[in-house]
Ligand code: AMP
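Below you will find one chain, with nothing else, as structure tokens; this is the form predicted on its own, and questions on how it binds or moves follow later.
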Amino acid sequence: MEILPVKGTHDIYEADAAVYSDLENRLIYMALLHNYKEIRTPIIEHTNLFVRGVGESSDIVNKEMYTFDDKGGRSITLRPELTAGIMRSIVSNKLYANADLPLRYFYLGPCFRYERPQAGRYRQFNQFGIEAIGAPNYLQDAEVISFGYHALFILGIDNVKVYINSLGDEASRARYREALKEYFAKHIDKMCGDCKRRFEVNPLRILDCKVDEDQEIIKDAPKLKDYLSNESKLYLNNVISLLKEVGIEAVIDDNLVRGLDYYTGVVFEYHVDKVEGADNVGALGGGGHYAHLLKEVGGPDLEGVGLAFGIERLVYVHSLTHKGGYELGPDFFVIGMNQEIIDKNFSLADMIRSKGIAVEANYEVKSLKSLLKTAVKKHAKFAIIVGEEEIEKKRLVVKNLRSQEQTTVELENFEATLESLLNEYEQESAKLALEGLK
């Protein structure tokens, strides 16, 4: 009987895996440009970390976590997000003790949420993100938002819009919660079960509801901006002004509250305009400011700000806007015409790889026509053909598999010629790409 992958998971291989690696490497490059250091935390954590950190009123804690008791009777959870675990790691390792603030970390790894699988959304997914802890000012918030915007640009994702809001300081949120409770008390009996639960625990979460009937009620709810303190309004305006200076027009979204309870102050999301082939892409990522998260998990009371991208969502959007895909293949495919030559080609291929050039060789005796077809299928740029005559005359035949042109190469000039051929190939590829854009 065939064993299928678990629902909400997927295998990533060959060209698809290359897309993942490419996007991830670009994000890491951006993080290093901003002097963020890598941090890796366990996939499993004690459940109470997420209850305390992410928040009891969040859908993640209430409905989406993979939680189990281990053999010692301890409640363990597969991490649904990484920020809480990073805060725990900072506390566990006292990373704040002798460091110049802010602490700046980037992360990349798998997360797990039990939610309905859909395009670009899985139950096991990968997150990339950054966290800056210990610089409680609008400059740090603006830098993190700018980071995400420009990261999407270098991933080749255009038409990005930044939506922003402020959850305000504690006094502002307290006033707003009371206003929401007063408003929703008149309607809650007609709303969904999730809204009824959120009403009791944290009425701000009602604004996250996606039920159409509830949305009609929500649109007339009090707006957070009307309850913000002057300090919170000034902070938000300072962030927006800084973003505008670097060419980012942030749009205020009064209903943006994000789905994690630890956010305070500025929150934000990245969206794209309608993408051909997808009705609703949704948020590519987002984040926000958190005032007390580190303290909540046992550390000092240092404020922070962070963002996260779902890699699967980025890959999905990338696939819709980059139709060509990735052609993975070696630079050279070495062809031997008999077993003796094939054996000698083993060391030839090894020597070529030592020069930083990708190469594969055939290990079975087949016809030249068949092996050339194999090289093309593997997306090799060139075939190196080694026959008895070539061995005798100490030369090789190199065939450009795109142009079909052949070059005879003397062994003594072999290394320099291969590099020259590759350079010419890349220049021709760039020229063809430019012509395709015209």
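Numbering starts at 1 and follows the sequence shown. In this text, all values refer to a predicted model and were calculated from it rather than measured experimentally.
Omitted from view is the form predicted in complex with adenosine monophosphate, to which the following refers.
Engineer: May I ask you to state whether Glu115 is within 4.5 Å of adenosine monophosphate in the model of the complex, using heavy atom distances?
Structural biologist: Because a heavy atom of Glu115 falls inside 4.5 Å of adenosine monophosphate in the model of the complex, the answer is yes.
Engineer: So in the model of the complex, is adenosine monophosphate close enough to Ile157 to count as touching (4.5 Å, heavy atoms)?
Structural biologist: Heavy-atom contact with adenosine monophosphate at 4.5 Å: absent for Ile157.
Engineer: Does at least one non-hydrogen atom of Arg313 fall within 4.5 angstroms of adenosine monophosphate in the model of the complex?
Structural biologist: Residue-level check for Arg313: yes, a contact with adenosine monophosphate.
Engineer: Does adenosine monophosphate come within 4.5 Å of any heavy atom of Gly120 in the model of the complex?
Structural biologist: Contact check for Gly120: yes, within 4.5 Å of adenosine monophosphate in the model of the complex.
Engineer: For the three residues Pro330, Ile357 and Lys381, which mark the spot I'm curious about, does each lie within 4.5 Å of adenosine monophosphate in the model of the complex through at least one heavy atom?
Structural biologist: Per the other structure, none of Pro330, Ile357 and Lys381 touch adenosine monophosphate.
Engineer: Pick from 301-309, 130-138, 196-204, 237-245: which stretch has a heavy atom within 4.5 Å of adenosine monophosphate in the model of the complex?
Structural biologist: Selected range: 301-309.
Engineer: Go through Leu108, Val297, Ala283, Leu95 and name the one with a heavy atom inside 4.5 Å of adenosine monophosphate in the model of the complex.
Structural biologist: Looking at the other structure, the residue within range turns out to be Ala283.
Engineer: Using heavy atoms only and a 4.5 Å cut-off, determine which of Arg173, His318, Lys225, Arg258 is in contact with adenosine monophosphate in the model of the complex.
Structural biologist: Flagged contact: Arg258.
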